[in-house]
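One chain is shown next in structure tokens, namely the form predicted on its own.
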Amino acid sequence: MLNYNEVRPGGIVADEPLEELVKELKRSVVRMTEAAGGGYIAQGFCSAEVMATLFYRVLRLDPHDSDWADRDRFLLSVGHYAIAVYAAMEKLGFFDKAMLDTYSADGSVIEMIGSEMTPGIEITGGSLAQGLSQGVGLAIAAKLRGHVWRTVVYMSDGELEEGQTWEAAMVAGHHKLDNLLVVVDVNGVQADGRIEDVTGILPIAEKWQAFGWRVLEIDGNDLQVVLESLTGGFAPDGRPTIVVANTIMGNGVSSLHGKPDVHYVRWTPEQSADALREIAGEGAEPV
């Protein structure tokens, strides 16, 4: 079997400290939210460590690479997390940084919900739970054609309430898709409230193991743990891998941190100033 962990990204960010890249990603998330007057900033912050690690240390995804057809495939199933993906893709050169200021504006390709209109976005992710099925199809296609590119699907815990998720999980295990990596953001909150109050999904790890998956359960806001897990995320043992990333909504921004009602927030320049101070490690203004 192929060892998919032998494939490593290069590109313009290879020598930059990952900790600083996470901070830069978060600053871009703040910038977009302020420009739009609101957005999915809490999701941008809870996913920042995972997104930075994927785009800057794991994925072979260079828009200037002449071998674009052999790129890794990143599928954003949970489309409203696009704010963090845009921040990462801008850094890699998919589009100009000034375009971030058009986040969610009428006519902009930087849409609030990720879609194929945006450079670098592979699928439209507004309808939840469809990304994994598409990822399974891509992973099977790569196997059939003998390609070494990998497929990474990013999902949310709310998507685990959808039956389509489990059909795709069953198929991936059956076909031994060890070129498929799923990251599921488990922050315990969805638009209608806490996950446990809408539809219980526990236990998560045991469910995926029963379908033949390799399961890694981590603290998704611990950058070192995230780095160690994702850089070794593919195992050439005939099993797809899922990383269950436990995170905190709005992690690192005191006005959002761990709160259940921040699925979408209105945002002001004053809130941006406080958030940027916290990113810099200076703390927020006293209330």
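Everything numeric here is computed off the predicted structure, so don't read it as measured data. For every residue, the number given is its place in the sequence shown, counted from 1.
Heads up, the form predicted together with a small molecule isn't pictured, but that's what we're talking about next.
Asks: I'd like to check something about residue 23: if you look in the predicted bound form, is any of its heavy atoms closer than or equal to 4.5 Å to a heavy atom of the small molecule?
Replies: Residue 23: no, not in contact with the small molecule in the predicted bound form.
Asks: Using the partner position in the predicted bound form, report whether residue 158 sits within 4.5 Å of the small molecule, counting heavy atoms only.
Replies: Yes, contact at 4.5 Å.
Asks: Can any non-hydrogen atom of residue 187 be found within 4.5 angstroms of the small molecule in the predicted bound form?
Replies: Flag for residue 187 set to yes.
Asks: Although the small molecule is absent from this view, report whether residue 80 comes within 4.5 Å of it in the predicted bound form, heavy atoms only.
Replies: Residue 80: yes, in contact with the small molecule in the predicted bound form.
Asks: To verify the annotation, which of these, 229, 43, 53, 241, has a non-hydrogen atom within 4.5 Å of the small molecule in the predicted bound form?
Replies: Spelling it out, the residue with a heavy atom inside the cut-off is 43.
Asks: Of 249, 253, 58, 30, which residue is found within 4.5 angstroms of the small molecule in the predicted bound form when only non-hydrogen atoms are counted?
Replies: The option sitting close enough to the partner is 249.
Asks: Quick one: find which of 93 to 101, 170 to 178, 119 to 127, 203 to 211 has residues within 4.5 Å of the small molecule in the predicted bound form by heavy atom distance.
Replies: Only one stretch qualifies here: 119 to 127.
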